[in-house]
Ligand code: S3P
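For reference, the chain that follows is the form predicted on its own, supplied as structure tokens.
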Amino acid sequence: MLKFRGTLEISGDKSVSHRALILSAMSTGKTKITNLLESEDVMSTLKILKKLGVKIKKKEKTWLVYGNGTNGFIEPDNPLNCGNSGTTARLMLGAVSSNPINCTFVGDASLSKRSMSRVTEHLEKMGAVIHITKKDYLPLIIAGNESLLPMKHKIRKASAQIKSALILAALNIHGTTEIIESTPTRDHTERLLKFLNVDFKLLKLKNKMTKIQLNGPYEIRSKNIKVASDPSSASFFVVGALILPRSKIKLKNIMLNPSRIAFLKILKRMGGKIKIEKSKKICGEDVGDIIVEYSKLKGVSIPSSDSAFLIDEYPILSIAATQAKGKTTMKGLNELRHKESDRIKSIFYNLKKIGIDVEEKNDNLSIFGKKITIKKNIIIKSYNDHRIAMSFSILNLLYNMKLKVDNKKCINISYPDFEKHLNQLISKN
């Protein structure tokens, strides 16, 4: 039987790669970015920044960004194509909104079904003029304005993308912008701003609420950025090592941001043998090694309060749940319906198809761990969702490669080196 053995350095973090490019473009001076994730999503952001007049080029393994400042975007000649990337669309809407330019944003068929109004409603209140398809979707046209109003924003839906879009807009707004989050979300933008010496306030309020205060406009001086390795990408190999007997691996230089490693706590609760060794800080982010070995897992209940911190890891956690003794329940998964696919549906359909007992009710998913044998090939429907494709590629290792993922190309959206890294860890001895 196959097992995982060895040491691996994962590709750069996707969330930080987007932000590193955008904030470098909004700085003054030259930025060298190393370990940038060269996935389709991140390249969508890079290409859009080039169309907005930012000079970006690659020299060996380093990306050089020549920043135009917070008010330096130039009106593009053509529509800005976000491809499949919701992060690109939402963050770039914020970034261009406080520049006096007109932009048309488009995306692929999947992205064109994902909500943009959650960002545009805030930008419109500040004074940006936006024409949006069916009040919610791409394509959309935005007329930016360097006289946007400084305001107080209350974010009702937990979303790091909404928060980051508003932060990027505020960098070129005259006056104080306040952003209040009722539920804390990923803080990569804030950490990177702190690393770049941008002066803003982060206040903790009652009931776990937070307030960010920015007093713009800012001039950001460029600083070289190294992107830490992506914990969400690491999660596939962590679960692979936990469920493949006789496995033991070490994943190096993984970002250990608390808002990104909630999945490790869940897997430890399930009985996973996981050791985390913090080592250093890279550009404001804690980094370290993760050591994982095969474990006998047990089912757990994952409360809805954890959902904001597990949004990308539910597909691979569902794979761990299939190999756990007893029942695993994941609660409050509504936000999964608005990702690259309806991930509740994608997980449910494919697990059912291979013979795993699974129940879906009121945005909750229950999976009953079960040892099964697969004798003939089964087609896994990826729904063109990279995380579904990667999750079932990991489960496939347990079932003698009988699971055939219908579209592995979609993996390039977030992790082009996935297959290469997978093969580096697979051991047949």
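Treat the numbers as computed from the prediction; the structure is a model and nothing was measured. We number the residues from 1 along the sequence you see.
Omitted here: the form predicted in complex with the named molecule. The next part is about that form.
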### Query
Hey, of 348-356, 281-289, 200-208, 155-163, which bit sits against the named molecule in the predicted bound form at 4.5 Å between non-hydrogen atoms?
155-163
### Query
Between the options Lys113, Lys252, Arg118, Lys331, which residue brings a heavy atom to within 4.5 Å of the named molecule in the predicted bound form?
Arg118
### Query
the named molecule isn't shown here, but in the predicted bound form which of Leu264, Ile311, Ala128, Leu214 has a heavy atom within 4.5 Å of it?
Ile311
### Task
Decide whether Thr87 counts as a contact residue for the named molecule in the predicted bound form under a heavy atom distance cut-off of 4.5 Å.
yes
### Task
Determine whether any heavy atom of His122 comes within 4.5 Å of a heavy atom of the named molecule in the predicted bound form, and answer yes or no.
no
### Task
Could you confirm whether Ser24 comes within 4.5 Å of the named molecule in the predicted bound form, counting heavy atoms only?
no
### Query
Considering only 1-19, what residues come within 4.5 Å of the named molecule in the predicted bound form, judged by heavy atoms?
Lys14, Ser15, Arg19
